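Only one chain comes next, encoded as structure tokens, the form predicted on its own.
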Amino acid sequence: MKHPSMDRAISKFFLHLHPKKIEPKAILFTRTFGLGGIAALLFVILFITGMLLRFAYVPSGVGAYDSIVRLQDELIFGRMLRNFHYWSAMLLVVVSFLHLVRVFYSQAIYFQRRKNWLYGLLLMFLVVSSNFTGYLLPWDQLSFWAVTIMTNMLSYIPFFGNSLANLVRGSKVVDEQTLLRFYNFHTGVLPLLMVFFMSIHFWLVRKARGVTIPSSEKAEKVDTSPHLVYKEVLAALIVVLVLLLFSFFVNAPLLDKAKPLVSPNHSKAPWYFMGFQELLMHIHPAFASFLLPLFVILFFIIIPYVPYHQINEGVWFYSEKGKKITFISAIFTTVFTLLLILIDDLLLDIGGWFSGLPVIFTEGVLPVLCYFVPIGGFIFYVRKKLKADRMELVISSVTIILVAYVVMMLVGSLLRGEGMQLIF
């Protein structure tokens, strides 16, 4: 029989994460889909499984791959442990992205929540960085050449690209020094940073009084325990069970041991970076690896600080018109991006047509204009014909950016074969 003092201790622990009472609408699954809590749970899973994997892993060019093979083939539940860690890491990237999207579309980034939006962007960067540094650790052909591609993309950044790439790798190429550097970041620096900024993130959520809900839906509050706590425990059990089952049937990938002199055909970046690799096939590297990402980052940072005529906190897509604009923007961007990829691969030869012009113009400025001029025309249509206000234009713009990247990521991951040629 559980002791009453234990119940009180558990309640006090959860009340550090949540207020004593909470709005009934805030605990509806469709309000947040539990994405923030699932992300936190996945981090805990990764921390525990990562600590266990450290006992078997050898962070060296000679021993890394063999230690993974030995872990999978000789240690009891070793393969299961690696699968569980790997798929939890992949899911964390997806859940973190969806959480960021949910927060934006539910209008939960304004007023006192502005600062937390910035911390959320930083945490998204740390999640991807942690995943990327862990991607190299198996030291097989898949991970070696994926990291090689991504670090080479850094060298395309104007002025300081080579220095930055060498700093990330620890040398001029991906080698044992890179492996050791990634291992230390993956198992030491990045987890500490994530714990620190997650603590700030959770504290700011508490300070802003929890989940954002429309003022019209507020009602008499209910006790957090058991109304919310039990739902969180149930959701955690479901996530763990699904991950365990998936890890039992689907193995984490492991190809042959890394061969620095033998590049597989085709070499691809990790799936969450494939949008950049696909973009690199169509425009100048300076635009694909630096200018456009920088523009997107700055745009996402300033969104909460743009003056708006009205802000509907907690209202999905801001308004019914905003919902319609989001849907239309997503459909338009999907079709237009796919068409432009096909046209560029099969018909366009801007470099040949304007061979007398500088490469930065034929492979950078003109291709960018080919995309952004029609996009600008679509934004103008949304503003004039659909009578969109500033908030709805921002929602449309964010939708275009997110959908365009997802489309490029899927094309690069699923529709590129040998020599990165399109396959169907």
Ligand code: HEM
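Numbers follow the displayed sequence, beginning with 1. Worth saying up front: this structure is predicted, and the values here are computed from it rather than measured.
FYI, the form predicted together with the named molecule isn't displayed, but the following is about it.
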Though only this chain appears here, would A40 touch the named molecule in the predicted bound form if you measure heavy atom gaps against 4.5 Å? yes
Given that the partner is absent here, does G210 sit within 4.5 Å of the named molecule in the predicted bound form, heavy atoms only? yes
Would T362 sit within 4.5 Å of the named molecule in the predicted bound form, counting heavy atoms only? no
So in the predicted bound form, does any heavy atom of G36 sit within 4.5 Å of the named molecule? yes
Which one, V127, I283, A146, L228, lies within 4.5 Å of the named molecule in the predicted bound form by heavy atoms? V127
Looking at S289, S96, T133, N83, which has any heavy atom no more than 4.5 Å from the named molecule in the predicted bound form? S96
In the predicted bound form, does each residue in the set L100, W117 and M194 place a non-hydrogen atom within 4.5 angstroms of the named molecule? yes
Stretch from 134 to 142, 106 to 114, 69 to 77, 250 to 258 whose residues place a heavy atom within 4.5 Å of the named molecule in the predicted bound form: 106 to 114
What residues, if any, in 189 to 211 have a non-hydrogen atom within 4.5 angstroms of the named molecule in the predicted bound form? M194, M198, H201, F202, V205, G210, V211
